[in-house]
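Shown here is one chain on its own, the form predicted on its own, set out as structure tokens.
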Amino acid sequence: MLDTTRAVPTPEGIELVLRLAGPVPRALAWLTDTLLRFGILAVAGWVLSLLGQFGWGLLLIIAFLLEWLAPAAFEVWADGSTPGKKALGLMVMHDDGTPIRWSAALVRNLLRAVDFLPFGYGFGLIAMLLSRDFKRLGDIAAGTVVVYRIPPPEPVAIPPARAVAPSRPLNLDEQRAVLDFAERSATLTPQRAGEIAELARSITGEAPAGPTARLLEMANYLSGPRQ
């Protein structure tokens, strides 16, 4: 129950691991968004007050849009994040790991009115504490989760070598093994790299330069020409 990760299988056979966000970071994100809305309303109120009753009517419309529609729009158009969520490194997505759509964004944001009851998001907090996925009532109804944004993977360079085709066709698992070895080779000692490369003798054969160099040559061939 202390595990805050969730594995989501994809149709492509890849398993996504999502880090679920708990009540504290979500409350800080909400507070950030609330302060930002108050700041916008304060500036808008000062400007629109010059227009009299018409200006106050416009201010009420702006307040409604900021409170109920703007969060949904940010979640749909800004990669699942309101400004507060973005500042905390959070994002909203569907339970299956797909980007959130308008229907779910509107449901989860409109139901904040229920989550807020009886005061201070009381119902929402209770629902989150009872849910393994930290879902408030709006998330349960919309089928969404709030997770930490997955950082982009660090680019991994394959050590340069002349590209040499394998002596025989390699299946997908063998190609992945060759590329994985090449990507990790810079972090291995020459001795350890040689030990691992020896396990691939069925692929490398009796290479004059040794199995390690042969695997790097094959990896450069499999990865294609460099840009």
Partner chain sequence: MRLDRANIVLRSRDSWEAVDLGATMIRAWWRPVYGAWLAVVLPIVVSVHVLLATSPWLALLALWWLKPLYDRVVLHVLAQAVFGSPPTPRQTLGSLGEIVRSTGLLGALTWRRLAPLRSFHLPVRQLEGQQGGEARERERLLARRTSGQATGLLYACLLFELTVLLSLNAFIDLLTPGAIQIDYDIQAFLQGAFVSDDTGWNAFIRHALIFTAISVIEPLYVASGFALYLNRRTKLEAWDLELAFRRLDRPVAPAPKYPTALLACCMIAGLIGSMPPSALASPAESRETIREVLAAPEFREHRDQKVWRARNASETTPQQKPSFSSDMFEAIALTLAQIARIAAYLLIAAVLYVVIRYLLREAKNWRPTASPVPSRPLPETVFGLDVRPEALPPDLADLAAQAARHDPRLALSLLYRGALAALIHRDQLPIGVGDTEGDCLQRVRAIGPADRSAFFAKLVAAWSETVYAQTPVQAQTIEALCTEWPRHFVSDRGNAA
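Numbering follows the first chain given and starts at 1. Heads up, when I say rigid core I mean the largest set of C-alphas that superpose within 1.5 Å between the two forms. Quick caveat: nothing in here was measured; it's all calculated off a predicted structure.
Not on display, but discussed next: the form predicted in complex with the partner chain.
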Using a 4.5 Å heavy atom cut-off, are 77, 99 and 165 all in contact with the partner chain in the predicted complex?
-> no
Looking in the predicted complex, any heavy atom of residue 159 within 4.5 Å of the partner chain?
no
Inset, instruction - Consider residue 129 of the chain shown here, and say whether it contacts the partner chain in the predicted complex, taking contact as heavy atoms within 4.5 Å. - result: yes
Given that the partner is absent here, does residue 21 sit within 4.5 Å of the partner chain in the predicted complex, heavy atoms only?
yes
Would you please decide whether residue 203 lies within 4.5 angstroms of the partner chain in the predicted complex, comparing each non-hydrogen atom pair? yes
In contact with the partner chain in the predicted complex (heavy atoms, 4.5 Å), from 137-145, 77-85, 115-123, 102-110, is stretch 115-123
Across 158-177, the residues having a non-hydrogen atom within 4.5 Å of the partner chain in the predicted complex turn out to be 168, 171, 174, 177
Q) Does the distance between the two CA positions of residue 191 reach 2 Å or more between this form and the one not shown, the core being superposed? A) yes
Q. Has the Cα of residue 174 moved 2 Å or more between this form and the one not shown, judged after a core fit?
A. yes
Margin query: Could you check, with the core superposed, whether the Cα atom of residue 20 shifts 2 Å or more between this form and the one not shown?
Written below: no
